[in-house]
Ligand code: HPA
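What follows is one chain in structure tokens, specifically the form predicted alone.
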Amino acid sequence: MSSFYRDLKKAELHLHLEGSLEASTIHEMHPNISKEEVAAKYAEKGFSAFLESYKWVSVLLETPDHYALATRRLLGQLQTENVEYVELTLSVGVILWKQQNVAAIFDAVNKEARKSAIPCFWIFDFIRHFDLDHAMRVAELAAERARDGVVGFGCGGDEARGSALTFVPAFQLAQRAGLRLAPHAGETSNAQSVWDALEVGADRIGHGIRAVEDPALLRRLRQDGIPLEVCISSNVATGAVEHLLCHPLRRIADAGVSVILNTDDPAMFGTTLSEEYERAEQLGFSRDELRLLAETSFQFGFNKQVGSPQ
């Protein structure tokens, strides 16, 4: 890989902590789990298989110290990628499902993040195929930490099992606390999922690639300045797109919609942010366009003080 991609100063805004665990980190936590076992689990393809793998790796995070180690290893890797601002998504809904202490875990990861040279903030997300009470609990926990590094609130999981509209009260609670909204939408479902996310007040859309199916939606995203958090390798690995050259990123950008390149779950998909920029070049982006994407990625961060580095 050319050093061009790595040398770009970049922001990463769609990155799940749980999906960043490299085989070496998992082996460090659980010496009985071999790197080959992790590689086999991560190699499974398709969205349903991905959800099962994500659940599997999340269960391996058993203690606050495990979460802190994951944060330390990830931020160290991001420094080598010239990432200068990051918002990490913490799957608080999964932590609740595991019946773990959210406060203790967040204290551990936030303390670790503050040791890093990279400005690091947090997005709490819930699981959309659970019920509204679950989403409300995650929103309450996010609101409690709105002055302690948490800047956003979102949802993940299977879009087919839960429209964003089901969770309007949770999104409203988060907004009242001053948090910004970044729900996943339009990843594996359809353009209507993105419309639903806009209706609940989304400030950014996680993935959003199905917007390409609806010209009116593309116009709305452009007019409202709502960016899409695009994760190329993730979309290929989960089957959201058939293969790399089918990815609609070029068409979406040509429609005037703002896009941000991200890794989503880098260890699980075997990618880095630099490699995502390389794949965008394979989709027809010039290096001048890639420089502009990298520069503007900072503008969409939810922390009010963030700005493009000088």
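Treat the numbers as computed from the prediction; the structure is a model and nothing was measured. Residue numbers here begin at 1 and follow the sequence given.
The same protein also has a form predicted in complex with hypoxanthine, omitted here; what follows describes it.
Not displayed here, hypoxanthine is approached by residue 157 to within 4.5 Å at the level of heavy atoms in the predicted complex.
Residue contact check for residue 184: one or more of its heavy atoms lie within 4.5 Å of hypoxanthine in the predicted complex. When hypoxanthine is considered in the predicted complex, residue 207 lines it closely, a heavy atom lying within 4.5 Å. In the predicted complex, none of the heavy atoms of residue 277 sits within 4.5 Å of a heavy atom of hypoxanthine. Heavy atoms within 4.5 Å of hypoxanthine in the predicted complex are found in one stretch of 261-269, 240-248, 38-46, 22-30, which is 261-269.
Of the listed positions (255, 60, 51, 283), a single one reaches within 4.5 angstroms of hypoxanthine by any non-hydrogen atom in the predicted complex, namely 51. Residues 14, 16 of 5-28 are found to place at least one heavy atom within 4.5 Å of hypoxanthine in the predicted complex.
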